[in-house]
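Here you'll find one protein chain in two forms, each presented separately as structure tokens under the names structure 1 and structure 2.
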Structure 1
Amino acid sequence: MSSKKSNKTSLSQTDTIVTNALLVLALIASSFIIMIAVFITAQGILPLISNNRGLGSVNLWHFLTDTVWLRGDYFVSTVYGAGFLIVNTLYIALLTVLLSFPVGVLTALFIARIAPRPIAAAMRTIIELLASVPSIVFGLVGVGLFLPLIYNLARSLGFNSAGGYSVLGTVFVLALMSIPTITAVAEVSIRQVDESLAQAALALGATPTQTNFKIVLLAAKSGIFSGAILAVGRSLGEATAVALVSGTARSGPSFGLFQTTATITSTLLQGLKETVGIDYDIRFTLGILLMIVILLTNAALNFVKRKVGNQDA
């Protein structure tokens, strides 16, 4: 009897030990985001506050507003400017979502409400698969397929394009990458719309198309918007595919569709040749900038989502 009791206490001790051990693991797992924030901020803020081994510090205001990436020589000058990168990044994300959002949502509508069941199931699988295609593959297809097309298109329209490396190419690649994300999320939220809503609309004499567009899409608005926010986040943070097709411009901003361009991520990825010095440290400053741009954009879009959602709810 007594042995059994002692056994039981030792078992509950095991529970305590295991719980604490698991807590430590969970704490480590959740500390990585802090690690990212702390280490990148610490290293990224250095060029702004230190004198960069005698070169002088980077002027923050100049960094945020200038239209040329670097005035002067690498590892000598500290006159960095990323203002045009911010504008380019947001401009490209905007064009991307303008292109991919309607296509993605309408595709979702087709899959969820119009397509016969076997076709819908097949398309759902295809979209799921495409959402998991790595970005480097999109970049490769962009270079091999879109750039020559854009180059020829620009030539036939009388524009100059640097081998097709352009805003348009970047937007095409990013839009293609975003469509599966937008479609997948929108499709789920369209299917979740209460069928009685659609039935009621049909009973009142609305055509199926009117029902789909005026009732179902509106009811699924919030979910559809979430998908768009996800897609915008992905476009803002995408690096390799963009770096391959953007043309990595050194100044800007580039608004013309056939102009070469550069985003925060593509600049971050380029020319990481040395592992010390100002031109290396400044990448971390760009990293901070990228995180801030993404956070602010997300916050703004979520704000819009809440506003739009409230009005009709």
Structure 2
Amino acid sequence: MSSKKSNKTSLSQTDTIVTNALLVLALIASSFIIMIAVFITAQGILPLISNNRGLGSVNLWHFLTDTVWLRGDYFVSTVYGAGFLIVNTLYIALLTVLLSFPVGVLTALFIARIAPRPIAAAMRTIIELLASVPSIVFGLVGVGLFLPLIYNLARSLGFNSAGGYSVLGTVFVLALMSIPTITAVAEVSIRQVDESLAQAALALGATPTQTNFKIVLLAAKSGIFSGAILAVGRSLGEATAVALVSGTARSGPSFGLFQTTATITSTLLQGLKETVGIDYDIRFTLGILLMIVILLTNAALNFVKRKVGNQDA
């Protein structure tokens, strides 16, 4: 009896040690997020509250609503406007999802339900490799492949295009980056659907196509929507690839597909070559704005996901 009590005590102590160790690791991981948010906020708020070495503080209202990034002499004016960047960022993210979501979901359906096993295994590997490709590579593909095609397309349609740098080029690159993420998440969700649902539909006379689209996809809709949320997050947060193909517009919004554009991230990236001064500090203000946009967008998408997936909050 004493031996059993000793074993139970030892196991209880081990569980306590493991629990505390995992708690410490979780706190460390969370602290990095907090440190990043605090650092960006502390740095980004300076242009709004300081005199910026005699240039005057940045007006918050103009910063959030103006349609021109910088008015006047480049290193003298403090009239920075990011309103059009918010609109451009959300607009491009929307177009990206509209293009990449159907392709990603249908590819996932083919891999999970239709393709023979050897082909499905090969395509699954390709998707995983694409998801791990660095963003700079996608940006270079956009510069070398998409921009010439877009430039020639614009000329053939009678539109002006700045060498192909455009909204359309940005959307193509971001869609190429988003498709592997959507496909990977959707494919796992589709494979997790109970096979008895599909068998029941087939037994009732439904065709395989009807079963796949009306039963399987609906049953996996919550997981599929999670892939769309991840894709939107990547579109909102991508900087390098966007900067290579967008054209870095200084004003906007840019709704025309052949117009040059700019997002919060691409504008943020351009000014980090500086080390001091308002043009450097204002990029951290953009960082605060980007965090807010991402948080609000994710909150809205997760709310829709709960409704679409019939999940309780």
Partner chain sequence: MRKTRLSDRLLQISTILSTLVSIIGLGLIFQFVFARGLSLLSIDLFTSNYYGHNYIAELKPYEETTYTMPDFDDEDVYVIERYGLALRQGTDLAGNGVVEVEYVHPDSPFNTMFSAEVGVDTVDMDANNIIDRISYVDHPTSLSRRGAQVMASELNDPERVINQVFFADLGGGIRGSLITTLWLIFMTLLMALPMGVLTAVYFNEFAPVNILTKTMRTFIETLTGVPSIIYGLLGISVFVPLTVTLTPAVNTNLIAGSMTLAVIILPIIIRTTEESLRVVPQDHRAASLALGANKTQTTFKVVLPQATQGILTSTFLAIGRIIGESAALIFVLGAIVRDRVSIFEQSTSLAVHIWSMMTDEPANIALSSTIALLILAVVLILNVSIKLSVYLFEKRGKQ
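Residue numbering: structure 1 sequence, from 1. What you see is a predicted model; the values in this text were computed from it and never measured. For clarity, a rigid core is taken as the largest C-alpha set superposing within 1.5 Å between two forms.
Practice task
Please let me know, 1 or 2, which structure is the form predicted together with its partner chain?
Solution key: The form predicted together with its partner chain is shown as structure 1.
Problem - Threshold 2 Å Cα movement between structures 1 and 2 for T19, core superposed - result: Passes the 2 Å threshold, so yes.
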